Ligand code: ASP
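One chain is shown next in structure tokens, namely the form predicted alone.
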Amino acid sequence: MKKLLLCFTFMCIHCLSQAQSSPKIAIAIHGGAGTIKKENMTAQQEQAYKTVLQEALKTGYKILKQGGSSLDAVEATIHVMEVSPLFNAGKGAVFTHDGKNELDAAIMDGKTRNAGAVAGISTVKSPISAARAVMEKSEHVMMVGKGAEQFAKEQGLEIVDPSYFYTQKRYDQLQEIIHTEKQQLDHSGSQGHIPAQFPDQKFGTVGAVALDEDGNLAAATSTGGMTNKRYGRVGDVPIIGAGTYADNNTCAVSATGHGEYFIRSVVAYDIAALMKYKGMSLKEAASEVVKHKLVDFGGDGGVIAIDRQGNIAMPFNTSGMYRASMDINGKMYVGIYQSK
């Protein structure tokens, strides 16, 4: 009997040890932040966003669950949101002042800190895959415009006619902004460009951060930029350290918001730096940057971030941010509005 009890005890301890040492995986995603209020959303609209968020989240998590890399997980997750017209990325990209769609994307490997980015492209179906090709198939970090498109074509990525990115809703938004802008100019008598301000401004960038079973982090972000943007404007998304960053020693971050502020604040890297040099936790660092530093500077938006222990932070300083996560315990969370 004693031998049986000892054997049983050993087996229990062994099983507990195995469970405690099992690899951790986790993933978080966002679909943009801004003035997103429940009273302005129908039940059908809310459910549509949640459905795509869940589909994207499950896509990435499945890859992680099967032992796939964090890079594969974030790329596949972004693919789901790039083909949805609900988000300002890929198919749902907003229009420039000239009525074009110019897309930006970036991806970063936390293990090696290799990164790839593209900006101002109009013919590559998946900007995030183009960014990964730059990271893995070239000696560069960023490619822009026609050069990036040519490189993507040479790598065998799917090339589409620019009309693929056209959606009536986004085009109508541009016309509304241009009309309001013209009224402002006529009223002021100015000759220069005065950007129209709208109370329902949304930054629909999409992003994903993940931790795989090998302990490697990755971040990926894709966007159509800002509606009515001018003259080849590029935001924070493809700027490594501003809208996208990953380092196994600290965290992986993907941002969404008013890009100019995120660039000047180097938001993604600042979160990692606070962890590295000040010893802050992921939650503390992300909150400090998004809820305090950005607010003091006048920047709107939010981030998703994950560290090597699988801790997740998703702070934002706007009324809403489309977001979802699957933590190390396999618990799913999907949110849109500010938590009360």
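Predicted, not measured: the structure shown is a model, and the values here were computed from it. In this text, residue numbers run from 1 along the sequence as written.
Heads up, the form predicted in complex with this ligand isn't pictured, but that's what we're talking about next.
The candidate spot formed by Gly225, Val237 and Thr256 lies fully in contact with this ligand in the predicted bound form, as each residue has a heavy atom within 4.5 Å of it. Heavy atoms within 4.5 Å of this ligand in the predicted bound form are found in exactly one of 175-183, 114-122, 258-266, 209-217, that being 258-266. Contact check for Gly204: a heavy atom falls within 4.5 Å of this ligand in the predicted bound form. By the criterion of a heavy atom within 4.5 Å, Arg233 is counted among the residues contacting this ligand in the predicted bound form. Of the heavy atoms in Asn88, some are within 4.5 Å of this ligand in the predicted bound form.
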